[in-house]
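Taking the form predicted alone, here's one chain by itself in structure tokens.
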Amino acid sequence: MCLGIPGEVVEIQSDRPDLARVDVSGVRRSINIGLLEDGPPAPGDWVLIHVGFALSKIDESEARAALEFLESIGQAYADEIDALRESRID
């Protein structure tokens, strides 16, 4: 199962403006932000992530509610976090 998961933008990579570093439940990874239609996010913004791409910006309360729900479903969320830990975008 693949889930869209919320992540908080930590930084935009200066040498690659199409990539941002995000924090998802303590896991930090680079993701592609090139698909966002409403402009690039800023540090502190929240985005919905699917397979390494930010699909949309979301507000913090929506992100927190989504994280609570995802954590409540158990193994599927744990599997997604494990996959995120192992993923790399260079």
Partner chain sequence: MRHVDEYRDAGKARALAASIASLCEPGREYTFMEVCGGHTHTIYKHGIEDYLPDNVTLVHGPGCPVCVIPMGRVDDAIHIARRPDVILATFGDMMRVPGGHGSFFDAKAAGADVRMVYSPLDALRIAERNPGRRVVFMAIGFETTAPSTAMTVLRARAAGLDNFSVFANHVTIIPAIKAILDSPDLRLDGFLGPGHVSAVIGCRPYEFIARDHRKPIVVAGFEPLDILRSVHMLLVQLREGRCEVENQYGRVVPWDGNAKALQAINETMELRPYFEWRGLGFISHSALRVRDGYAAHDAERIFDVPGVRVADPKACQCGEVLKGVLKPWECKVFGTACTPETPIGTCMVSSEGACAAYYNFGRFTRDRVREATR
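Residue numbers count along the first chain shown, from 1. If you're wondering where the values come from, they're calculated on a predicted model, not measured in any experiment.
Beyond the structure shown, there is the form predicted together with the partner chain, which is absent from this document and is the topic of what follows.
Problem - L70, heavy atom within 4.5 angstroms of the partner chain in the model of the complex - result: L70: yes, in contact with the partner chain in the model of the complex.
Practice task
Although the partner chain is absent from this view, report whether V51 comes within 4.5 Å of it in the model of the complex, heavy atoms only.
Solution key: Within the cut-off, so yes.
Practice task
Answer for D82 alone: is it within 4.5 Å of the partner chain in the model of the complex, judged on heavy atom distances?
Solution key: No - in the model of the complex, heavy atoms of D82 and the partner chain never come within 4.5 Å of each other.
Practice task
Look up in the model of the complex whether D18 has a non-hydrogen atom within 4.5 angstroms of the partner chain, and give yes or no.
Solution key: Although the partner chain is absent here, D18 would touch it in the model of the complex, with heavy atoms inside 4.5 Å.
Exercise for the section: Using the arrangement in the model of the complex, list in sequence order the residues of 39-65 with any heavy atom within 4.5 angstroms of the partner chain. Expected result: Stretch hits, in order: W46, L48, I49, H50, V51, G52, F53, L55, S56, K57, I58, D59, E60, E62, A63.
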